[in-house]
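This document starts with one chain, in the form predicted on its own, laid out as structure tokens.
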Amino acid sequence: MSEPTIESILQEKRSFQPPQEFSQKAHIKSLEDYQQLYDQAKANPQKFWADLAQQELHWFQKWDTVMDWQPPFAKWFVGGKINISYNCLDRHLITWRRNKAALIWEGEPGDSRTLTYAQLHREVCQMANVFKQLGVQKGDRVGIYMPMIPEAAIAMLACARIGAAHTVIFGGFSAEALKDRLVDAAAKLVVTADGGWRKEAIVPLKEQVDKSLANNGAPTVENVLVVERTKQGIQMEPGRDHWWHDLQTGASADCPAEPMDAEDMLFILYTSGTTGKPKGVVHTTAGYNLYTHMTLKWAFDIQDTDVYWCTADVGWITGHSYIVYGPLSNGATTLMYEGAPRASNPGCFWDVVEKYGVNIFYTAPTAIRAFIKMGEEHPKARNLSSLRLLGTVGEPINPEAWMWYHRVIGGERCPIVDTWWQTETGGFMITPLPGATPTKPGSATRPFPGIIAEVVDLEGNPVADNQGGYLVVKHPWPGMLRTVYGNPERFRRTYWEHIPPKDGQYLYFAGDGARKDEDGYFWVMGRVDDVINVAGHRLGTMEVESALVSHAAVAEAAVVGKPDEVKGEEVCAFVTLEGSYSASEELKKELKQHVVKEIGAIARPGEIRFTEAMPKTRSGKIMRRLLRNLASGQEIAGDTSTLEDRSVLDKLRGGS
């Protein structure tokens, strides 16, 4: 792992104050309020988190010890008894929220459902009893391989209710990837659907499950529970396969929530896109419940009147924390959408915002750049006046994409919450608090109260302002992963050994490069392997991408390093053009010169390849690893199971 010494090459000076009207009504109303919370948490983190746990959650039994830290293994609220399904459902039933919309669902073909807290509670209890009927007990693991339908959230909450750990496997994974995860988790039950809608096509989920289980592929799986969604013909194996609706009929709606130890495992979530064995990130019950609850409450300023929409898939951590657990724990109305923008319906997201009066909208930078390419006419043709807050997640956002989001979607009135976090962290780590934090396009701003983040060198020493380095977290937090499932040594090696302990303090290394500016704002530059070494100068790919996207002709850019005998590496840029521009050698020269102008000659792309589309995961992230293979002329290597459109790779192989 090479050490980044990235110079500050993004001279972003724009700053946006929280709107006064927003701040007056917000949970955290000023920068002074934020600073007070941050200082309290830093001075006494255990008291800070314990006070919030007492105020914000329901406990069957209070804890004995707030935190037990045996580096690098943490336990929170030791001795406490709690159930996250109870906190997401039951406690709201004794308030006016009983008949409030808990989950609004919009299906891809246009069907829809709204479940109140009382209705969602009833269905969760019924399925918890069905799971018991199928032999699932406390401590067992349940695989969930589902489309974006309410039953996915119901299955998660039903698992949590009876103390079974779920492992949600993204519905875009192949049968082989599914099998690997079911085997690693030793899942007892698989919950799936006959299929799911993906744009105009049906994803044959049950067929993939059958392939993964063929020839005793996942020997611990005893039963498969199938939701009827797309109604195409499927094979049902007698004795093993059961229809969800058949078993739900007549199932009791009385299922008391199991009191769980604070550190009982809530779920395993496998990180995707890696080579080799999938890595099962383990999250436990109480700390995760508290952390998702507080981060959503403060960072998205969730109010009882809000309709909140996170566009992620429940197969990712964003869906776990900020579609299901965080919103429902807060008693919010959370929206789930099965569809996705595409050529035949480019304005579908804005239709949903308008139809339901969405107030808070949370999506990925790659989606925002796709919206830019589709054109302003689509959002401008809809009434988006209900929006009061926007969020971004998944990767650093280019400043120009941030500005477009602010202007076109937010009408220059909505604060933008740019969140940095990971599967492993459980929830937001660096984020604005929208009523308190002035924002800068492209910066995730400051750490959430209770998070002690720093940018350091390989020895763990803090680097100077605006100097690139490694992003680390210095103190345990309640939402952190506890281990890698079945492999504590891999947990230690992956997250705690890249950078040695400093002054006896263990440093969690996130895998990302970052810089911190003179205002204490963090600028995340992406994975450290997304740093290009050009003749000894290390350039963050995000910063070169930002320069390219700031040119009027560029809708989206992805930059990777290409081996070069002289320089070590040179910059190779893949560029998607705005609709009115055409690929040409002249434009290539213009774009190269534009990067020189924005950053300097050292960042001049050695090669620019125009492409109609980028290779992306089904959740919208560009698979830069594949672009690196293409740029260097190598065969495509590693897991491509999340790739949305394989034809994109074939078109890119020829370059342009």
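Residue numbers here begin at 1 and follow the sequence given. Here the structure is a predicted model, which is why all the values come from computation and not from measurement.
What comes next is about the form predicted together with a small molecule, which is not displayed.
- prompt: Taking 4.5 angstroms as the cut-off for heavy atoms, does residue 527 touch the small molecule in the model of the complex?
  reply: Heavy-atom contact with the small molecule at 4.5 Å: present for residue 527.
query: If you check in the model of the complex, is residue 103 within 4.5 Å of the small molecule, heavy atoms only?
result: Contact with the small molecule, no.
- prompt: Taking heavy atoms only, is residue 533 within 4.5 angstroms of the small molecule in the model of the complex?
  reply: Yes, residue 533 lies within 4.5 Å of the small molecule in the model of the complex.
- request: Using the partner position in the model of the complex, report whether residue 422 sits within 4.5 Å of the small molecule, counting heavy atoms only.
  value: So residue 422 counts as contacting the small molecule.
Stretch in contact in the model of the complex with the small molecule, which is absent here, among 485-493, 404-412, 190-198, 390-398 (heavy atoms within 4.5 Å): Result for this chain: 390-398.
- prompt: Among the candidate residues 126, 116, 576, 271, which is the single one with a non-hydrogen atom no more than 4.5 Å from the small molecule in the model of the complex?
  reply: That would be 271.
- prompt: Can you pick the one in 558, 317, 294, 130 that has a heavy atom within 4.5 Å of the small molecule in the model of the complex?
  reply: Spelling it out, the residue with a heavy atom inside the cut-off is 317.
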